[in-house]
Every structure is written in structure tokens, then in C-alpha cells.
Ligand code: ADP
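In the form predicted alone, a lone chain appears below as C-alpha cells.
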């Protein structure tokens, strides 16, 4: 394809080339990102008789978006963003007297109103107790051997040369630390599940680059065993899995609160007995009947809204939504209510966190990486998300007991009331 000399004067000609099939959408490298996006929108509008005015309205850095986040960049998809809170959090990375307000991006009417009701219940109860474990980011390449004897030699070599592997992978980033390598084999397939700590980054790209370097520069040349795929699905990324449920991935989050009978009645229009029964018949037995890996009401709702607002990898909601909600009686009228999320990949730097609206949302949350304390910001993020999920889960469970679920969606989700 001939280079484009005068980009501004040639936009019309480029649109015609694209419509006629003489060029492809990715063949606009001589243009600025904004001009290339304009050409793509104009081409689609002409081909499909569509108006793309709103897709073309954005304030983000088009050059960065087009080179780091989105190929064939043409514009944006806007998601409404609301705010909930304040949430009182009794954690280790949030001050006890902080007022935490949480930006959430969603198209589901009633979601933020429901979470806000849960926040009120947490305030009346004195706050959400939240603790987080950093269990590490994983990547698991799969190798092919000739059978069990070669597999034994291969895994033994990996164990004996872990120090050399560590030097290679940690040489790819000053924030990446190798925690362990876990082998697993079936037939002639061997999986090496690498676990890394990655500071404030979610770490998936860092782990991928590190494993690629170790595989091609050290493991394959030294063992003669072929790596079939850099990800063998034993990681497990963006899929619910038993291993991540049991061992964790990213951040493992525990959040809990004790609610008395008055808070249940006045704030949540519920009771201890009603909450216990919904928990038992819905979250427990219903999940068993469905063969589900999430014994909860709607973690995914809150995670998706938080992930979009803060620039997380949205597909990882698939694994993050695993988890267990627990409800226990406390005294004659109260309950202990908790959520457990074993698999939350989160990052305070990198990926979508650098986008303009997402960066502003992170500023609202007070999530700013500290040079003297790598990992602090991502742990704070996990604490805030844990409390937000707790609030959302608490409110929805109560809505089932009071019969408010459908009424709330009719009133708020269909535009009959604005908050």
C-alpha cells in the first residue's frame, strides 16, 4: 500500500478506498489516531447507513488508546457512572475515619441504589471488617513430553533449576517476584503453574512476558521439551475454576459485618430468619442444584461496575465472581454476614487504569501507588471492592426477603424515579 502523503486532504479518498475494499481498517498507520478514527467512522457510516456521532465524542487520549488499548480505534462506548457510599471500612489500607465513595459504571437501573442501601446498613453496624491476601498472579505454560519418564526428568529439572528460572523471570521487571512453580501432568502434557507477586500491577502481562522469556531462553533449550502454548489453561485466567477457588489468584478477599435486629428491620426491611432462609435455599441449595461455582447472589454485578469504572480487565469478572456468601445467626435477632472472594485480579497501575475517566475514578478512591510501598494501592483497592460487594450482596439478599427486587427494578430500571 502506498504511503499517505497529505493525510488531511486524503481523508475522503481513504474512506472511498475502505468502502471499495482497496484498503483495510488497520492500513491507516500514516494518520494520527484521531484522523484514523474519523476515517473508520465515516467509512462505517457510509457502508452501514449509520450515525456514529456519539461513538466519535470522547475526551481520552486517542493516540494512547489506539496504540496501547484498542486496535482499529474508532471512538468510545459510554457507560453511565454513578457514585455510592460512604462505606465505612475497617481494613488495613483504609483509615477508619475515611469516607469512601465508590464510582460504579453500569447500565443496570437499581444496582447503585441497592448498593447504597447496603452501605447505609454497614454504617449503622459500625463498618465492614475487610482483610485481603495477595496470593499472586499466575501463568501456566503447557509442555509436551514423550511420556511419564521424560515428564519426571523434566519436572525434576525445573525443581533443581528454580533459582536460574527465578533470575530470568525476575529480570523482566523490578516489581515481579516469583513465588513458586507448581507442576501438574497428564499423559504427555506437563503444566507449570508460575505464581508471581507483581506490586500494584494486576500482573497478567508481566507474568506472560516473564514466562515467555523463561520458556524460550532457558527451559526449552536446556531440557529439549517443547512448549505447546504459553497458557495451558491451568493458570486459570478469565474462567471459573476449582484451583483458583482453592488456591486463590490475584487478591483473596474477606469482608464481614454483624447486623442487629433493628438494622435488619429498619434499614433492610428484613429479619434474621428471612435472611438465613434465603441464604440456605438460594445461595447454597440453588447453587448446588445449578452446579455453580459461585455460592452468592450477585458478585458479578458489583465487580463489573467497579471494573469498568476503575479500568480493570472486564473479562476477569468471570473468575472474580466465584465466591461464598455466609449468613449466620448472632443472638436472637442479629446476623453475621460475610463474603469470600478467592480470585480477584486487580491492578492500580497499567492496563485501563491510565485512561482518563478511570484515572479520575481512582483518584476519588484515593488509590495512588506509593513508590516506597509497592502493592499498597492494589491492596487498598481490594479492600474497597470487598466492602462494596458486601454492601451489594447484603442489600440484594434483603430485597429477596422483602419482595422489593421486582418493584425496585420497575421503579428505577424503567425510569419512573430518579435518584
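What you see is a predicted model, and the numbers here were worked out from it, not measured in a lab. Positions refer to the first chain, counted from 1.
Although not depicted, the form predicted in complex with the ligand is the subject of the following passage.
When contacts are judged by a 4.5 Å heavy atom cut-off, residue 175 counts as touching the ligand in the predicted complex.
Proximity of residue 202 to the ligand in the predicted complex: non-hydrogen atoms within 4.5 Å are present.
Heavy atoms of residue 206 reach within 4.5 Å of the ligand in the predicted complex, making it an interface residue. Proximity of residue 278 to the ligand in the predicted complex: non-hydrogen atoms within 4.5 Å are absent; the residue sits far from the partner.
Partner proximity in the predicted complex, defined as non-hydrogen atoms within 4.5 angstroms of the ligand, places exactly one of 75 to 83, 267 to 275, 103 to 111, 191 to 199 at the interface: 191 to 199. 349 is the sole member of 349, 121, 308, 215 with a non-hydrogen atom lying within 4.5 angstroms of the ligand in the predicted complex.
If you take 214 to 241 and check each residue for a heavy atom within 4.5 Å of the ligand in the predicted complex, you get nothing at all.
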